[in-house]
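This document opens with one chain alone, in structure tokens, the form predicted alone.
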């Protein structure tokens, strides 16, 4: 079984986000970038399937500028077999990513596609569901446990009332939650081996996908600063402020 893993290059989760002075977006120049944390979990799950014999090949796919190859190399160092880079300088929207992935699925013919449930830069939580709809495949979202049994996958996911287990037929699209696993660190020998693993480069034009943006950002601003607290001398003063100054949302 071939497994396709979608990964995204995002601003590192430890970096404090800065809004551009012209309010057109967030600052990415000279900012540390890394693999989206949810996608790291997807990579780890694919590698565990490879190690257990459930998967025969794990392919990492990333889309964006040339720097995305660094993110793919990280996935290769973790244990993926090879990578695919869709090269474009356009800021891809979830629908464009889903269409590009669908085109790659048609070329690669995997039985399973695993994605992080969302990216920490836009928090859209849309790509996996869109990809499932385009392909007409079954889907399991927010997976906290995955078990492959022949042509089926059992996916345990968290819902408001507790845990729900789905039995879905392969081929399928699965998105990962934080509780699925703990991603491994790439060892130095594997980092060196990753440099020799192949990365195929494609373009949206070669895949015959229109990635023109359909959404426009009007303005990006910093969240309002939290107002300083005040001290009160008496209980009565506290009650008066709660009655007259606190806004109930």
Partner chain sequence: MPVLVYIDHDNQNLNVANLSTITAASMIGEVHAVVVGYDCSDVAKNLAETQNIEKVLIVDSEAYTNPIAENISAVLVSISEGYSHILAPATTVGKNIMPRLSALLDVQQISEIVDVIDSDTFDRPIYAGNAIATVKSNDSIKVITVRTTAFEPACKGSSSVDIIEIEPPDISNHLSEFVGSELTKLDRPELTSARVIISGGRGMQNGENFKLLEQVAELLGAAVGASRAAVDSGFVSNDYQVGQTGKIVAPELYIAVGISGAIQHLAGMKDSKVIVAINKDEDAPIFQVADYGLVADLFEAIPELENELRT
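Numbering follows the first chain given and starts at 1. The term rigid core refers to the most C-alpha atoms you can superpose between the two forms while keeping them within 1.5 Å. Computed from a predicted model, the values in this text were never measured in an experiment.
Here the subject shifts to the form predicted in complex with the partner chain, a form of this protein not shown in this document.
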Per-stretch contact check against the partner chain in the predicted complex, the hit in 174-182, 82-90, 69-77, 108-116 (non-hydrogen atom, 4.5 angstroms): 174-182
In the predicted complex, residue 216 touching the partner chain (heavy atom, 4.5 Å): yes
Contact test in the predicted complex: residue 220 vs the partner chain, heavy atoms, 4.5 Å: yes
4.5 angstroms heavy atom contact with the partner chain in the predicted complex for residue 124: yes
Any non-hydrogen atom of residue 147 within 4.5 angstroms of the partner chain in the predicted complex: no
Residues in 214-238 with any heavy atom within 4.5 Å of the partner chain in the predicted complex: 214, 215, 216, 217, 218, 219, 220, 221, 222, 223, 226, 227, 228, 229, 230, 231, 232, 233, 234, 235, 236, 238
Core-aligned CA displacement of residue 237 at least 2 Å between this form and the one not shown: yes
